[in-house]
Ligand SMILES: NC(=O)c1ccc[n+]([C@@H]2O[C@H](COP(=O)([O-])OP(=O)(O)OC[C@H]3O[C@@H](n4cnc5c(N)ncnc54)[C@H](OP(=O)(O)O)[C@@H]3O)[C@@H](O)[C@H]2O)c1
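Only one chain is shown below, in structure tokens, and it's the form predicted on its own.
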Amino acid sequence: MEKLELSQVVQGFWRLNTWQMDSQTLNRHLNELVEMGVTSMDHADIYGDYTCEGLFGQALKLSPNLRDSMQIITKCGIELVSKTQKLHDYHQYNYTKEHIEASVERSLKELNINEIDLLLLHRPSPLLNPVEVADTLKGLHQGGKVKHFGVSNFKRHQFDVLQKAMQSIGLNLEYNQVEISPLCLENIEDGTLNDMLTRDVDIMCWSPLAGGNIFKTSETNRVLQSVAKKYETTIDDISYRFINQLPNKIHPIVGSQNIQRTQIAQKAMNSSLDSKDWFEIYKATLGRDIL
């Protein structure tokens, strides 16, 4: 089975419930995203207190043919105590067969789709049984409910133990969604990105602007501003270029409802930085010179 191809930039819907868009407005927004080549849509069952998938599904229902142009991603594995829905009474990770299957069924219904393009396990759990999970995912794949699989926030040892179980039944983990930004170097420094590169696993990067913290006063912000001035652009453009410079195939997730923000990210994917400028940003966040 060929790896699922995502658009260079992924649109995230973590805060969709705060966008204050009715279904018609959101539908127009989705059409505009697809027209500009942003076709991959990132969700999770828990987003917006379990409401964001439903809001998306209502908008998608207005243009059923739009589904054929999209890659819809969602996640499962976290249970939250909801303020609006009677689903779970305790905050925990849950990768039992019963929970995964129930979560997938709910996501399919809420998103108003027949099949999930990419299902991610949201967070690693000490109780995750790789054989049981792999068998469950195989059933979902054979049942035509999920096409492709990946993980989110998994380190290399956590990834490997599940990948081994997946490959033993003829499936693969194709993506790892992790945090990367000029202010978050963890997955660069601990070897996660290098390890995913050796395994031909593509990266989706969440919070590429560090939740807006790149705009706040810091040494990294000062350097970003200086570099942005040199390139006659903005610091968010420079931040996306910083990420794009890494050797992995990285798909940044843009969580803004402002389509201009998504356009900035998309344009940056075809731009680069001088290596000296990249290392100036890198060293500013490290807080020291490189060895």
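Heads up: residue numbers just count along the shown sequence, starting at 1. In this text the structure is predicted, and so the values were computed from the model without any measurement.
Although not depicted, the form predicted together with the ligand is the subject of the following passage.
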The ligand: the contacting residue among 29, 261, 230, 249 in the predicted complex [heavy atom, 4.5 Å]: 261
Sole residue of 122, 156, 99, 106 within 4.5 Å of the ligand in the predicted complex, by heavy atom: 122
Which of 81-89, 106-114, 185-193, 202-210 sits within 4.5 Å of the ligand in the predicted complex, heavy atom basis: 202-210
4.5 angstroms heavy atom contact with the ligand in the predicted complex for residue 45: no
Partner proximity in the predicted complex: residue 253 to the ligand, non-hydrogen atom cutoff 4.5 Å: yes
Any non-hydrogen atom of residue 15 within 4.5 angstroms of the ligand in the predicted complex: yes
Distance check, residue 74 to the ligand in the predicted complex, heavy atom within 4.5 Å: no
Contacts with the ligand in the predicted complex - residues in 229-243 whose heavy atoms fall within 4.5 Å: 236, 240
